[in-house]
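In the block that follows, a single chain appears as structure tokens, in the form predicted on its own.
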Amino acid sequence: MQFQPIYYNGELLLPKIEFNMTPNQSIGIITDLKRKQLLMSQLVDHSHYYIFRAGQSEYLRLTVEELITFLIRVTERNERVALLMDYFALKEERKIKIKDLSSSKRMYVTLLRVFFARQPVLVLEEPYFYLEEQDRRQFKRILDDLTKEKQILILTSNLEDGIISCDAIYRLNESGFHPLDIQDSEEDKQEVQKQDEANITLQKISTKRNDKVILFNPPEIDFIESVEGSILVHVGGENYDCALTLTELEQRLLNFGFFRCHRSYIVNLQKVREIITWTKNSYSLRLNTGQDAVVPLSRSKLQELKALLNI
């Protein structure tokens, strides 16, 4: 997949982007609204891409069953309506008009048109943004099935939405286009050697931004991540560069309630609000930071975390 560079008032908003999408793969791009629009604008004229835009909503006067029947007919598929209603988990809503559904269920039903798309590549903008937890899980299950025969590109501003369904995730911002390391691996099972930290007197974590040194008290920090060899300390929705390694930070912050939840992430356990289980091998942590931040949790770290939290 290729995207051409776009400049605005001399500023490079969209660099030249090239990446390969292999069969049966889903890829996520984490970026802002403007860049999402620029990406989608370069795909709309390609016949092998099916584009689904955020907030899309049509056929509101049809019932759920009528919409599914209509989509089967126009796409000339052979599925039976009753079987699809069961597959979509919509048997109870089958006679309800789409306009009368809850906002989450209405968006879930609207998203189902991607199931009927003929194109080999599905491009979805913020597919999970409007969905409540149950509808998120149902739609994730459908996307997982679709990846068996299609390629899926998800454009979102939310890391959690990328983690839910994507095999690979990239971040696109003013710094360029970079892959994020979120994949679990056997390396997660290798425990970092713990040292006796009883006498630690560390009170500040030193970071840098715009040539200024900024010191943070450990409780202020939400989480820390490693991105392309750089260490970013996240505080209140902002991130700051840090010269220390993740291992050094893990050792220094151990007595302040921090936990190495992934080979690329350290999280402040005081900020953890929810452990999300997407599949038996896919987990993430939602933080109570005011920014609704989400970080990945390695499956090999799950039991250790439960022990720490006494759950």
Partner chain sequence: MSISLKRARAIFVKDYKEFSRNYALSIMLIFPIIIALIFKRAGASLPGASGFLFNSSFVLLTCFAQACLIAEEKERNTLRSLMMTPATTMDVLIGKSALVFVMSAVVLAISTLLFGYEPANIWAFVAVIILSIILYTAAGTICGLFSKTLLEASLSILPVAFIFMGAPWGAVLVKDYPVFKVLDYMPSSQLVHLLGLSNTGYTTGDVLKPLLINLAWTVILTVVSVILYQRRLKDE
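Numbering follows the first chain given and starts at 1. In this text the structure is predicted, and so the values were computed from the model without any measurement. Here, rigid core means the biggest group of C-alpha atoms that superpose within 1.5 Å across both forms.
Separately, the form predicted together with its partner chain exists; it is not shown, and the next lines address it.
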Exactly one of E174, E149, E76, E92 has a non-hydrogen atom within 4.5 Å of its partner chain in the predicted bound form; which residue is it? E76
Since exactly one of L244, I275, L269, L62 fits, which has a heavy atom within 4.5 Å of its partner chain in the predicted bound form? L62
Based on heavy atom distances of 4.5 Å or less, which listed stretch (117-125, 210-218, 140-148, 154-162) is in contact with its partner chain in the predicted bound form? 117-125
Does at least one non-hydrogen atom of R106 fall within 4.5 angstroms of its partner chain in the predicted bound form? no
Is the gap between H46 and its partner chain in the predicted bound form 4.5 Å or less for some heavy atom pair? yes
Give a yes/no on whether R286 approaches its partner chain to within 4.5 Å in the predicted bound form, heavy atoms considered. no
Can you work out whether R252 and its partner chain are in contact in the predicted bound form, taking contact to mean some heavy atom pair no more than 4.5 Å apart? no
In the predicted bound form, does each of S57, E66 and K97 have a heavy atom within 4.5 Å of its partner chain? yes
Aligning on the rigid core, do we see the C-alpha of R53 shift 2 angstroms or more between the shown form and the other one? no
